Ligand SMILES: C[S@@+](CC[C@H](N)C(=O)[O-])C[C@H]1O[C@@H](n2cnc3c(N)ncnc32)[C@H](O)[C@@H]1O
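Consider the single chain below, provided in structure tokens and representing the form predicted alone.
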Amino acid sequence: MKAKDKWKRGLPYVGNKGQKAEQIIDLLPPGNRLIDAFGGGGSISLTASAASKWNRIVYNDIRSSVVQLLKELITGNSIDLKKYVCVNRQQFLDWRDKRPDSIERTLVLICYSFGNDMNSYLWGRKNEELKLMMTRALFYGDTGTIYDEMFDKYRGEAGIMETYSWFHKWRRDRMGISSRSDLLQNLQNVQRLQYLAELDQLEQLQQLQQLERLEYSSRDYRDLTIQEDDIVYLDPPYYKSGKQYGGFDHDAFWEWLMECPAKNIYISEYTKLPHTEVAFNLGKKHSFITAGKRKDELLLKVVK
């Protein structure tokens, strides 16, 4: 993905469709309005806003703080991302267990959780100290280690995006590590904050005008007002995926689906479901943290 388009990945959210978003948007039919009912990190809605296929795009997710975070990063200037560059395990657990839901809490839980699950801390106990030390060295230069060399380039004056780029260069020049996988395994928290920084600087891009077509919604999918001519894209918890998503009711989902008035309804899934046809096989999603064989992701079209 080109640097100028990286903002379309949205939030580093569990199940984010960033890798497949361009394919999905190309395959969905044009129309007046696209409804992204399970919007998650927003990659589908953001990619759709950069296209010219729909007059309006509805980005919806039931978790209001996720929607508010994405909206604030795009349209506001109140979040100082540098305040969150170094969050240790205890601070993470405090945000998770003791603080009320907010965009700041959501930011911390997304950026410092393993697999972006917003529940388990990003690093294991054996290596978290090193990762946090490297982060402090990069942004504060006060660890008394060789890693403080990273701070000398910008002296804390640059933004997260520039600082993270310098980290890549320092790793290659000083430590001799150049592979992308090795780099990603070092400061995943900073990489995730960089994604947010790219959204936070959208006012500098021409795409901001296109984002005026984007509407923000935080409703249960069953409470959305859907018209017959809407294009509906659904990315619910995958059926029989082996994961728990707060007790998502697939039976209720299918009852709603059969009553949904839209003629064009598409679903992301791993397996073909009843009353659907495979519109396209999107292939496998690449991951640096998931072991084992991955299934092909399918784009299904609902047939009534």
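Each form is matched to the other, and the largest set of C-alpha atoms that superpose within 1.5 Å is called the rigid core. In case it trips you up, residue 1 is the first one in the sequence shown, and so on. Just so it is clear, the structure is predicted and the values come from calculations on it, not from any experiment.
Another form exists, predicted together with the named molecule; not displayed. Remarks below refer to it.
Only one of the listed residues (Asp220, Asp142, Asp97, Asp229) places a non-hydrogen atom within 4.5 angstroms of the named molecule in the predicted complex, and that residue is Asp220. Here is the short version: of Lys263, Lys53, Arg63, Arg56, the single residue with a heavy atom within 4.5 Å of the named molecule in the predicted complex is Arg63. Although the partner is absent here, Phe38 is a contact residue: one of its heavy atoms lies within 4.5 angstroms of the named molecule in the predicted complex. Contact annotation for Phe248: at least one heavy atom lies within 4.5 Å of the named molecule in the predicted complex. Taking the partner from the other structure, the named molecule in the predicted complex has no heavy atom within 4.5 Å of any heavy atom of Ser49. Contact annotation for Gly31: none of its heavy atoms lies within 4.5 Å of the named molecule in the predicted complex. Between 159-167, 132-140, 212-220, 87-95, the stretch whose residues reach within 4.5 angstroms of the named molecule in the predicted complex through a non-hydrogen atom is 212-220. With a cut-off of 2 Å and the rigid core superposed, Lys131 has a Cα displacement that falls short of the cut-off between this form and the one not shown.
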